[in-house]
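Starting off, we have a lone chain in the form predicted alone, written out as structure tokens.
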Amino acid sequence: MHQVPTLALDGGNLLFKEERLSPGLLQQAKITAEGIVDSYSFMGYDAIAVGGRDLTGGLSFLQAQAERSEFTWLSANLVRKKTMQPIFLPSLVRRAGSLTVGIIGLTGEGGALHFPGGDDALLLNWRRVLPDLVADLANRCDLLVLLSNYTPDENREIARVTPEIHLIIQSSPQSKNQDPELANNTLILQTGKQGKYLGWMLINWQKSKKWGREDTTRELAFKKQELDGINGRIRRIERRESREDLLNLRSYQNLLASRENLLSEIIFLENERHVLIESGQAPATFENHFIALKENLPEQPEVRKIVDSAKSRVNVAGSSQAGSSATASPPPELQPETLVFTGWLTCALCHGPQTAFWKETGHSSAYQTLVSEEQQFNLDCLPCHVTAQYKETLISSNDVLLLSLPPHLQQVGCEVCHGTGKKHAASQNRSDISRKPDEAVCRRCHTPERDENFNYENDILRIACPASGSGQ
């Protein structure tokens, strides 16, 4: 198989799901971030831009990860306050076959990006650093790539101001897969966030350094495809008929004539394409594809080991956090008299058939699925496997308390869908409980990232409790 030179690049916002996390969740999220760094190093990435979500663990944490990374972290606009010098490399030059490729990193300004008072760090607007950097690299490189986590609109403005940039790989947290969009002479694209997709682009770069639809190449491909079809038909007729009969078979003779005409057209187009390439006028072309990383795809054993190790370390850290919490006196939120959620056992006192039905659903065993996978102390997983939230009502703003919930809340119980039941249990009034969960309640956990097959209209019917004979 013909091998082509490759570059593996990422627009950033890689290590954390949010730009700010609670202290308890951050401790575990750092372990996951380390696993991501190890995975990307193993996969042979060349460069990644520093994004706001890569700084969630703090500047010193990211610097430590950069030290152990086997790829390069880039940011041209994240600088030291005192010296105004970049903290990370602003750019990188790589050879890809016969091409010299310049790669620049930009850290976006949106979101909650901040630095503690002790951090000697400042984020500059791209207009202060990018034009001079692009001018320098444009003189030395055949192809310029920008890794950016600015917004799509801002990246279009970058393409307008600096047309020397040929490709922008963006990592806007709000965006999904984006097919290549030509802005000025810059292609802008991105894959879906949080590792659900990989994207690959096959580039046929030309001396013109201009993107375009190379009609000659496309027409040449169609003509060759048509020629293959005619040759196949000719061979089938030749196998079926004698040589003498072929001389008088009009359909066969017409096919021979069509083949001669096609061969002449193909030679003409190949010569035309050769002239365009040699003169430097041929436009650059590309193929782009997104690869959905589904569970049924074969796994890379070494990456699987890294993932499993990170998950195990996260669970051990959570277990330690749970142990520390258990040695202290129970917080007010978990005292029986102050718990905002009563648990499914209270619901079962009046709603026997509904409880029996619920026990047969995956919601009732949600916590046990974490136990079986040894992830019951993973604070990133727990919120969707326990009874601790209904809409804006939380059992506590302290994530660590999820590690110490009583057993009757260690599952997706009735109150996750219908609301806190304490008032309803006392009044037995319909108005004190929600009859049917709206889609937003389900979408809190059944997000595209976690459950890409979720369909509210269908799935709500599958988990709907039988009607209550008591009318409660």
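Nothing here was measured: the structure is a model prediction, and the numbers come from that model. One rule holds for the numbers: they count along the sequence shown, beginning at 1.
Not pictured, yet referred to below: the form predicted in complex with a small molecule.
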Among 87-95, 351-359, 138-146, 233-241, which stretch has residues whose heavy atoms lie within 4.5 Å of the small molecule in the model of the complex? 351-359
Taking G192, L202 and K209 as the candidate spot, are all three within 4.5 angstroms of the small molecule in the model of the complex by heavy atoms? no
Among T186, T342, S172, N315, which has any heavy atom within 4.5 Å of the small molecule in the model of the complex? T342
Partner-free chain; cross-checking the small molecule in the model of the complex, the single residue of L130, A310, V386, L167 with a heavy atom within 4.5 Å is V386
Wondering, does G413 line up within 4.5 Å of the small molecule in the model of the complex on heavy atoms? yes
Any chance R444 has a heavy atom within 4.5 Å of the small molecule in the model of the complex? yes
Just to confirm, D380 within 4.5 Å of the small molecule in the model of the complex by heavy atoms? yes
Counting only non-hydrogen atoms and a 4.5 angstroms cut-off, does S69 reach the small molecule in the model of the complex? no
